[in-house]
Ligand code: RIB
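Encoded as structure tokens, the following chain is the form predicted on its own, with no partner shown.
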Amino acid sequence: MLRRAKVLVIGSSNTDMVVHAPKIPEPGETVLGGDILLAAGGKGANQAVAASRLGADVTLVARIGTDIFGDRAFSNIASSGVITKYVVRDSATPSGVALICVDPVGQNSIVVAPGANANLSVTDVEAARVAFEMCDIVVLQLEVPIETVSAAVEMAHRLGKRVVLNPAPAQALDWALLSKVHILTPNQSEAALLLGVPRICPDEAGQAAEQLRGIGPEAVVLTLGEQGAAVAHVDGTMIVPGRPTIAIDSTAAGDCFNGALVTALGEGMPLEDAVAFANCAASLSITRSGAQASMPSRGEVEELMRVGRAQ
């Protein structure tokens, strides 16, 4: 029997306002869409819920407002089994909100109003030191201040904890920070920004992952959507194939991938096996609408790994 992973997530919590539309609008264009869906989201909360549903013991460090959106977000996180001891209710700032447009093939365009996420502080990280000490692995994203991310990476590094950094939303990062990251998990656009190139095609992904690894992280997992992920680590570079599926909504697929990846790694799976597990989880998530609502259970992922295709 696999050991339960102990995962610490530092990151954002948002309410997603999702509209399905016939297309994602061009600049200056108005498009009529369907009904609005309010759903629990935010990269930190999404990854925490994903890992919890897959069997990890998860603690979240985050800030949410005391408004109705914050009440809903807190309730959803707690009901998913995530430890909320370090989720601060911020009465000074509204909860974060994400405005999401989804097209008929599941692609999306997202604008985020950070709200209380922007107040997640170095002090909040330091207050969670016990959670750092007790975890197996720490996962972070970039929807909270970069100084907070840096402080969390530093604390994890001092305590000898593995760090997974999902560099999303894309932004330039200090190479000194990346040198303390064990696994970097960009998608193609995030990898392109970090490498300073216009774009990365799927057939260039292995080389791009190896170049990113040369910047500092011990390993790079460059996600490629339904095509899987390019993995670069000390033993070489490979493509771990994705799973064929029919996409309904790709919102939070990357968060599902990261939550599944850290769960598998925390259980002791080798990196390639953990990426295959995460590919399966992400392929299930895009067959459903919403962010946290789309996160699969452990049984669903294991069944997909057995039969080979998401329905």
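Keep in mind that what you see is a predicted model, and the values were worked out from it rather than measured. For every residue, the number given is its place in the sequence shown, counted from 1.
One more form of this protein exists, namely the form predicted in complex with ligand RIB; it is left out here, but the text below deals with it.
Inset, instruction - Consider the chain as shown here, without its partner, and state which of 232, 98, 87, 131 has a heavy atom within 4.5 Å of ligand RIB in the model of the complex. - result: Looking at the other structure, the residue within range turns out to be 98.
Inset, instruction - Just give me the single entry in 118, 83, 151, 112 that has a non-hydrogen atom within 4.5 angstroms of ligand RIB in the model of the complex. - result: Of the candidates 118, 83, 151, 112, 112 is the one lying within 4.5 Å of ligand RIB in the model of the complex.
Legend entry - Contact of residue 291 with ligand RIB in the model of the complex (heavy atom, 4.5 Å): Answer yes; at least one heavy atom of residue 291 falls within 4.5 Å of ligand RIB in the model of the complex.
Legend entry - Partner proximity in the model of the complex: residue 266 to ligand RIB, non-hydrogen atom cutoff 4.5 Å: Residue-level check for residue 266: no, no contact with ligand RIB.
Inset, instruction - Indicate whether ligand RIB has at least one heavy atom within 4.5 Å of a heavy atom of residue 136 in the model of the complex. - result: The answer is no: residue 136 has no heavy atom within 4.5 Å of ligand RIB.
Inset, instruction - Check whether residue 43 has any heavy atom within 4.5 Å of a heavy atom of ligand RIB in the model of the complex, and answer yes or no. - result: Yes.
Inset, instruction - Would you mind picking out the stretch of 104-112, 70-78, 215-223, 192-200 that comes within 4.5 angstroms of ligand RIB in the model of the complex, counting non-hydrogen atoms? - result: Contact-bearing stretch, as computed: 104-112.
Legend entry - Heavy atom contacts to ligand RIB in the model of the complex at 4.5 Å, residues of 3-26 in sequence order: Residues within 4.5 Å: 14, 16.
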